[in-house]
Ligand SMILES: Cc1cc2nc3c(=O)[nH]c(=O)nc-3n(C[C@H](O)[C@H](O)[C@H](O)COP(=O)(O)OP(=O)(O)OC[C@H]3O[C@@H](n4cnc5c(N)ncnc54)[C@H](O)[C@@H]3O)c2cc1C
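The chain below stands alone and is given in structure tokens; this is the form predicted alone.
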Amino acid sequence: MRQFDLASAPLTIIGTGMAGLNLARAVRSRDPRRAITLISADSGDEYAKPLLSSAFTKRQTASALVVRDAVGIAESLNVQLRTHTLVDAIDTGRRCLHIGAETLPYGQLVLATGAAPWQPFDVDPALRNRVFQVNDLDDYRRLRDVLDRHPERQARIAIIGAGLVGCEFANDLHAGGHRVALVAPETAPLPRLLPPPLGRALGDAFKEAGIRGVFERQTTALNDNGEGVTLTLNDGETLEADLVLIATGLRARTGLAEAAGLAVSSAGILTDRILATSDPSIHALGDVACVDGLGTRPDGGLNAMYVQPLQASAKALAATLTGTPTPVSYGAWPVMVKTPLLPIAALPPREPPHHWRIEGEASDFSALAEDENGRLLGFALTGRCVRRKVELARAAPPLLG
């Protein structure tokens, strides 16, 4: 069996999304000479993933969203960046990766593999150019290319799922000139983020703008009708669309870790506060990590790894990997939902509140999640009440203290 010189083996990061690149930058700022290898399953181009759900409004192409290409990243960070590379397995005993016939040793390993879209039903491969899920730049490019082929008319787009991703894309595609229908089993949009009165206010704002809400119904089948897609709903109704966007949630990409024997759950790869997995030489961060019980939620974007917690994770892990073990902590950072038709800010409580105290009228609401003693646990704000987000965030407990 071949033996590796692990003392000279690089820090290896699997994943070049915001988590992996932020970590590489943070490590490089602390150690200019450390050997670092980045492994990407795609092109490795750098872009801001949150901007995908507002790019149609701005008429941005996929190329316009690229901040730096893989060559530029490798040169600026002095790292080895391997693109379009799939890791087949992790050998924790020998501390190496299997990539096809190649065996690649690692000194320390970080899994930043993110989360993948989940869909509740099978989709006929014949519908590939009419049914989409957007989770990365390549997904956006494919959807954009199809829409740009038909500039002469508005596309009828059915979005399945009214979580964060579904609502942001509904607003964005509507602003981009398309006819949008939002289909979901819940009674109102953003059910995991907003209490019902605030969700209904968003639904009303969508309806007033011309976005059709098809709530309390589930999609049971998608069929090619020759010119588009027919959605069959569980009450027997059908809905015709040119394109379908499935936004039914994310699942952490834990397969590689689980196959290597690392501890995982449905929320992600289990880590402690210094982001170490059950193997102390392997760490995880970003959407794939369940940090001290806080991990990816299945509602399509609302998870522990908003941009600010992700940046905090990268900074803390960089310190740990360069010799200063540093527990990560997350502040009370509200998420701003990109729905200009009705501005929304929310800090979802970690645990179900005893009650929601809701004040306001029309589309301007403040909803405070409180425990049995009236202590603030989180909040949701709409319309003009969004201006309270800083005040309430200061009063709320940290996401991970």
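Just so it is clear, the structure is predicted and the values come from calculations on it, not from any experiment. Sequential numbering from 1, following the sequence displayed.
Below, we turn to the form predicted together with the named molecule, even though it does not appear here.
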**Asked** in the predicted bound form, does each residue in the set 34, 280 and 317 place a non-hydrogen atom within 4.5 angstroms of the named molecule?
**Response** no
**4.5 angstroms heavy atom contact with the named molecule in the predicted bound form for residue 380** = no
**Asked** Looking in the predicted bound form, any heavy atom of residue 172 within 4.5 Å of the named molecule?
**Response** no
**Prompt:** Any chance residue 180 has a heavy atom within 4.5 Å of the named molecule in the predicted bound form?
**Reply:** no
**Request:** Consider residue 360 of the chain shown here, and say whether it contacts the named molecule in the predicted bound form, taking contact as heavy atoms within 4.5 Å.
**Result:** no
**Message:** Only one of 85, 218, 92, 230 gets a heavy atom within 4.5 Å of the named molecule in the predicted bound form. Which one?
**Reply:** 85
**Message:** To verify the annotation, which of these, 332, 41, 66, 376, has a non-hydrogen atom within 4.5 Å of the named molecule in the predicted bound form?
**Reply:** 41
**Message:** If contact means a heavy atom within 4.5 Å, which one of 120-128, 157-165, 192-200, 318-326 is the stretch that engages the named molecule in the predicted bound form?
**Reply:** 157-165
**in the predicted bound form: members of 15-33 within 4.5 Å of the named molecule, any heavy atom** = 15, 16, 17, 18, 19, 20
